[in-house]
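Before any questions on how it binds or moves, here is one chain, the form predicted alone, in structure tokens.
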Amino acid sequence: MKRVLLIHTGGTLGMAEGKPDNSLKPVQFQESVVNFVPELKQLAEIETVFAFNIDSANLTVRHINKLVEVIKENYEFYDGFVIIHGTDAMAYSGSALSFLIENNSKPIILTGSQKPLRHIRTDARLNLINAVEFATMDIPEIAICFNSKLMRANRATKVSSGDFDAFDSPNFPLIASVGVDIVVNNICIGSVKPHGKTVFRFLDPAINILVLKTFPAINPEIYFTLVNNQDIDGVIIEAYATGNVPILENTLIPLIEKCRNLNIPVLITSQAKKGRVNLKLYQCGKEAMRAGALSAYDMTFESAITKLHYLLSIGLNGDELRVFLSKNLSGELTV
């Protein structure tokens, strides 16, 4: 039997209603998950470790680094890993891990639920069963398992707060799906360097990334003030469609030029979930590119921001940083 380590980090799966308002809150999850879902024992030899126990809305860089530390300490002893995680920040953690664990050769599966495991009508049981089964398979991916779908974590994003089908992979096919049978899309599984060493890295909590979203009433002066007065290491612009930013009234071009002069990288993502950024398609994108902005291509926002944070954390800057931002490092973008 394969050995799988369950890493508990909190989230809805282990929550219970708390007083006085019956809102869902993290609780001490004293009972073993395996006791709630005894079927797991038929799939693998399971052990559980608690990394932390929070609502993922409270996730910080410190928590992500703790996850890396726990996986690093146990990597050689287990065949696969299942991370029980809150859904709000699951795609952020999964994307970060895809960059921080280089040349990963084992299944590292994040899962959680929309309703607590203690509830009768919960999605937690099936998500856990599927995640553990995937963790026993030859799938060397950091992935999210949710609602009978297995998605590459740095391609997944949360799309619903009220449906069991809470995650989607808008620009990359599913790695696997679960129905009567498990169907694995082998051509979508990333390759592992033969005889390559798995390297674990950590995010620098001192890195500051400014995120701004384009909208008709945007005031660029606010962001000028932040860039001038704050220790900003990188900027992400959530632009329209294929990467279009305002270039007439409320233009963002001077801000992008200012960042270029200060050696602050500017990465442009899209507010559209599907499709890709193409800064050469419209004048509004061409002007941003001319000013020094970089394209995030078809990366999710979660992947783009964690990739930028990772590259800044390992000390890249200038032209080298720009090159690596545009490279496909961990299956996060389509070249």
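All of these numbers come straight from a predicted model, not from anything done at the bench. Quick note: we count residues from 1 along the sequence shown, nothing fancier.
The discussion below concerns the form predicted in complex with aspartic acid (ASP), not included here.
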Can you tell me if S113 lies within 4.5 angstroms of aspartic acid (ASP) in the predicted bound form, counting non-hydrogen atoms only? yes
Determine whether any heavy atom of D88 comes within 4.5 Å of a heavy atom of aspartic acid (ASP) in the predicted bound form, and answer yes or no. yes
At 4.5 Å between heavy atoms, is N65 in contact with aspartic acid (ASP) in the predicted bound form? no
Answer for S56 alone: is it within 4.5 Å of aspartic acid (ASP) in the predicted bound form, judged on heavy atom distances? yes
Here the chain appears without its partner; judged in the predicted bound form, the stretch of 235-243, 255-263, 124-132, 80-88 with heavy atoms within 4.5 Å of aspartic acid (ASP) is 80-88
Within 4.5 Å of aspartic acid (ASP) in the predicted bound form: residues from 305-321 (heavy atom criterion): none
